[in-house]
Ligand code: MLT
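Presented below, as structure tokens, is a lone chain in the form predicted alone.
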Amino acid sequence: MNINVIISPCGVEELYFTNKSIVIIDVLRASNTIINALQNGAKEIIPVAAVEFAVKISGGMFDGRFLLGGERNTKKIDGFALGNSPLEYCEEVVEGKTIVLYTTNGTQAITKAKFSEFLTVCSFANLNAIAKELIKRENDFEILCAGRNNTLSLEDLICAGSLIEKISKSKDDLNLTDSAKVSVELNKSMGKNIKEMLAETYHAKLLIENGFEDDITFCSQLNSSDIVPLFIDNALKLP
């Protein structure tokens, strides 16, 4: 099994992902928002790459089954029902709803990889579930870290390394690229205490400054969910 880690979507063309198996990681916070929304009964998440597109495709959605969610620079977008805090996506709010979601980094990474044959979303919350799915599939795959504003995010790389390490316990034929090896080493050295690690990242400090400290705690949960979101017909949903 060949595994590659892409540290940021910057410079990667959409067609690169054609027919590949891709795992998207955006620990702070899109991955956890998507996982929690689906865990709490959302019908599907439609990720978009621009605020204007989110507004456009939601233009006829006035029957109560649709919600606009998203953030710009950590804060909820004016006119949107929800931001990008996973804590907002509770059962009483999202059950049965289609959510059109825009985030600064995560949904842009997802839409860039839209031509993948297999696309899923991972964080520490569903690490075991994603690892089991990838082991079952036995295909080569690539991990696309959402990063932050087209730069590296430490938390995404460490999560990627944790996923690879988990898979390596069941498969001994892994062939890792240099970036995949780096992510594994980062996880070994810095991934022992997830909450502590997250709190020291640049992105987490920005979130804390803007009042989202509880999100750091939520996003540090390990294997709190067993769901595997799948990108099917331009939406993330449960199989």
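A residue's number is simply how far along the shown sequence it sits, counting from 1. Remember, predicted model here, so these are calculated numbers, not experimental data.
Not pictured, yet referred to below: the form predicted together with the named molecule.
Undergrad: Under a 4.5 angstroms heavy atom criterion, identify the one residue in S162, S116, T120, N105 near the named molecule in the predicted bound form.
TA: None of the others qualify; the residue that does is N105.
Undergrad: May I ask you to state whether E142 is within 4.5 Å of the named molecule in the predicted bound form, using heavy atom distances?
TA: Judged by the heavy-atom cut-off of 4.5 Å, E142 is well away from the named molecule in the predicted bound form.
Undergrad: Report whether the minimum heavy atom distance between L28 and the named molecule in the predicted bound form is within 4.5 Å.
TA: Heavy-atom contact with the named molecule at 4.5 Å: present for L28.
Undergrad: Contact with the named molecule in the predicted bound form for L38, defined as at least one heavy atom pair within 4.5 Å: yes or no?
TA: No, L38 sits far enough from the named molecule in the predicted bound form that none of its heavy atoms falls within 4.5 Å.
Undergrad: Is there a heavy atom of L207 lying 4.5 Å or less from a heavy atom of the named molecule in the predicted bound form?
TA: Yes, L207 sits close enough to the named molecule in the predicted bound form that at least one of its heavy atoms falls within 4.5 Å.
Undergrad: The chain here is shown without the named molecule. Which stretch in 47-55, 29-37, 194-202, 172-180 comes within 4.5 angstroms of it in the predicted bound form, by heavy atom distance?
TA: Single hit among the candidates: 29-37.
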